[in-house]
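Quick setup: one chain, the form predicted on its own, written in structure tokens, and binding and motion questions come after.
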Amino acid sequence: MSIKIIKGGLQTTIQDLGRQQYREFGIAGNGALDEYSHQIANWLVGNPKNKPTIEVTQIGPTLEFTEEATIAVAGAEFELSHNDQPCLMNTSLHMKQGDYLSFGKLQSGARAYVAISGDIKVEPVMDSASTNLMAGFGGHQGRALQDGDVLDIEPRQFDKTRSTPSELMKELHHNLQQQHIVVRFTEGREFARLSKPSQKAIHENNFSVSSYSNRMALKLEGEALRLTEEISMTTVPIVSGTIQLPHGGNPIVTLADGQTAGGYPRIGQVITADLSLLAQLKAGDSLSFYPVTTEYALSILKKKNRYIASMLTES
């Protein structure tokens, strides 16, 4: 079967859980920015969590299905239509030959994930189907989906109808409704080089998300942070969630498509458990940072992964 892309949307790409094992060669991890919504969408159609999904950003696509398929949409809250009739997110949707799925108004969040029972047939690059927009490989021809594209699908029958568990749904809805979020971070290698007022400001001030943000990084705007003295930096490793401080004093937070090395002071690291919150921010939203220890960050990640696994059980 196949899916025809009637409208491509703003930036619609194919993503799985990424290719982290190639960072030493300068290859970004890529993958779904909101890994938890990606996992939920796959669970709703009976897929393993690493199967590719279609990541939708702010303005969604219109998709036409050439055969029967079970699909689901999770993540940012959109008005959604099945053949011009309103339909629900966070539940299995059974499409027939010739059916359309259309994304309407974005209500909250920034990114949603469309899963199809089976497999989106794209050639893996470095063990991943994820699209690397900067390098132009992976996904569908290494780019965002465009009007008229056709995706080949290897379907798998899934006749059940699942819905996101209510307890998990409440948490997701609460997070998406917030135009201001607090993300937890650990101190970076150069945190001590911040001035004392800036060390305090990083977790007391609110930062606004710049319109120049993308899958590479969140660019933040607010009261400038200052160093005690200029630091001559060589190229140093960075990962998703690294908070860097450019010369202007406004932080940037690396995301999944970000470079693997940078030359700015690393003043913090957003904890892995909170990275999915960053994926749902858009221009004009705001965030602040809350300091935690590395030990706490690890314990929270283990707890969150156990929680998600317990919610997404077979049924």
Partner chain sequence: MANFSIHTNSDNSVIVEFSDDISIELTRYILSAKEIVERNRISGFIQAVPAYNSLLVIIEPSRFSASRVIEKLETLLRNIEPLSLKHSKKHIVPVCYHTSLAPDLEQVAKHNGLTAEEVIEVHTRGEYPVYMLGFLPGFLYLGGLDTTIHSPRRNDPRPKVEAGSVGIGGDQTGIYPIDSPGGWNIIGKTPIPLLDITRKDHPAIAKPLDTIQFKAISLEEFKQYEH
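Keep in mind the model is a prediction, meaning the values are calculated, not measured. Residue numbers count along the first chain shown, from 1.
Just so you know, the form predicted in complex with the partner chain exists too; it's not on screen, but the next bit is about it.
Using a 4.5 Å cut-off to the partner chain in the predicted bound form, each of 26, 125 and 235 places a heavy atom inside that distance.
Using a 4.5 angstroms threshold between heavy atoms, residue 82 stays clear of the partner chain in the predicted bound form. In the predicted bound form, at least one heavy atom of residue 269 sits within 4.5 Å of the partner chain. Residue contact with the partner chain in the predicted bound form: residue 306 places no heavy atom within 4.5 Å of it. Taking the partner from elsewhere, residue 203 is found to have every heavy atom lying beyond 4.5 Å of the partner chain in the predicted bound form. Partner contacts here mean any heavy atom within 4.5 Å of the partner chain in the predicted bound form, and among 52 to 60, 282 to 290, 26 to 34, 246 to 254 they occur only in 26 to 34. Contact with the partner chain in the predicted bound form, defined as a heavy atom within 4.5 Å, holds for exactly one of 168, 135, 227, 181, namely 135. Counting a residue when any of its non-hydrogen atoms is within 4.5 Å of the partner chain in the predicted bound form, the hits in 283 to 314 run 294, 297, 298, 301, 302.
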